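Here's a solo chain for you in structure tokens, the form predicted alone.
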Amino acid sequence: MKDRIRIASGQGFWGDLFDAPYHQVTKGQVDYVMMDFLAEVTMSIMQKQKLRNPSMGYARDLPEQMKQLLPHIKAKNIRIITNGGGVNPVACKDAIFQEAEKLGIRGLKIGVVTGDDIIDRLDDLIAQGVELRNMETDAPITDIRDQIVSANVYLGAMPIVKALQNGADIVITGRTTDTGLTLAPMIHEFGWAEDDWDKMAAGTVAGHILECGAQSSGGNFLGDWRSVPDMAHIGFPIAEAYPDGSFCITKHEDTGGLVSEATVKEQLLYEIGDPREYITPDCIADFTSIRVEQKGENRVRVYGITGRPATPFFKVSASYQYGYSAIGSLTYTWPDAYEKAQAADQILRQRLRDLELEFEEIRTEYVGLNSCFGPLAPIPEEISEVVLRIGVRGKIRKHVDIFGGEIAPLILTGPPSVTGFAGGRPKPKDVIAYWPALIEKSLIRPRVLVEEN
């Protein structure tokens, strides 16, 4: 058993800094790189891509990133764990093998975890009496069955552990929890029992700190953000983990960013409900037990974490088509910029009423004044310019399309001093809604395949 391992964060979302994982494997020593690509809406996007092209449905950046990483991970015995497989991890594996072939790299083992995608099983599950009730409304999933775009179960760390035990250099999963990507190598390397709840919770907390990439090393920092050095070259965080469940958050030397008690604590608060019950498939972590201590420059120790037994359920993340939306904007300039924008908004709303268009929501924002804070925002007396941004959401596509044609006419039939009609006439876009549910773990069978090229 190793006395420590270093797990590096390489991506915080699909679209994060492309070269971040490359810097993690070239600027210092690490044992693992976890790369988190998925969010709830990401799964629906990937499912649509797969429907258009059966060979797609994964993070398309990933094979190109692996092209950079492969020579280094083979030479340095670094292992990659990622949920970038999305809804098609097998195709993602094939694409990475193709990159390895181009580089002349042989003997690469890739593990693939499947079983999380249940969209093809929905009708059978419903027939068995599995209602998949919405966790917020308690409505059964049959209410929106015909509108479902994607349905995935949040798997935990154990299938990844199995792939690592079978020698995988790279593990590609679908909808695995963000935290499981970090917990898995700790279980594998330290031999933790999956019912050692304190250690499961410790690895889960480490994963929570790493999951958003540089958000725990100075990025998006709400504290003294001016104190964060060289964000242009920000270093992504690394968890230096120990067998007792403690770990230190750090980053490579000679990189920008900041690892401090404040940056780590701020990330710990991210997406937290009841801090005593952070529920994952692997355990329930008690965030009130966490102790955080600065141990040196860009080095923070995290310890004392306790956990409780996992629940008998997996969470299901489903998405479904819920109407259409369109957004348009115009810019009004001094003098009376805000008054002009308000008048344009009222004119447009009246025209929409005259056309008897039906919408579930019409939303107006004055960008630069109150688009973030709404009615709480103070409005200064003198305003040089303001962007009127207005959007609609509704079930009838034709009505949303007609709205899009009513923006440009305001230029010559509304208040003066208008500019900024960018992007042309807005077109209707699908609105994707979220359906969270629970399913008994006994109904889900994760599958692990390790293949060598």
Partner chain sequence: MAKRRIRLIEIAHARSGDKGDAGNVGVIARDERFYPVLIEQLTVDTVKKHFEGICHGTVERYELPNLGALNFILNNTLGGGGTVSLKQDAQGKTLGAAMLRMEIEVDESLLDG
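Just so it is clear, the model here is predicted, and its values are computed rather than measured. Numbering follows the first chain given and starts at 1.
The discussion below concerns the form predicted together with its partner chain, not included here.
- Contact with its partner chain in the model of the complex, defined as a heavy atom within 4.5 Å, holds for exactly one of D244, D230, D143, D274, namely D274.
- With the partner omitted here, the residue from E361, E194, D94, E101 that has a non-hydrogen atom within 4.5 angstroms of its partner chain in the model of the complex is E361.
- Its partner chain in the model of the complex comes within 4.5 Å of no heavy atom belonging to P71.
- Proximity of I402 to its partner chain in the model of the complex falls outside the 4.5 Å heavy atom cutoff.
- Not displayed here, its partner chain is kept clear of N166 by more than 4.5 Å at the level of heavy atoms in the model of the complex.
- In the model of the complex, its partner chain lies farther than 4.5 Å from every heavy atom of I347.
- From the list 24 to 32, 58 to 66, 387 to 395, 404 to 412, the contact stretch for its partner chain in the model of the complex under a 4.5 Å heavy atom rule is 387 to 395.
- Proximity of L181, D282 and P312 to its partner chain in the model of the complex is absent: no residue of the three has a non-hydrogen atom within 4.5 angstroms.
- Of all the residues from 428 to 446, those having a non-hydrogen atom no more than 4.5 Å from its partner chain in the model of the complex are V431, I432, A433, Y434.
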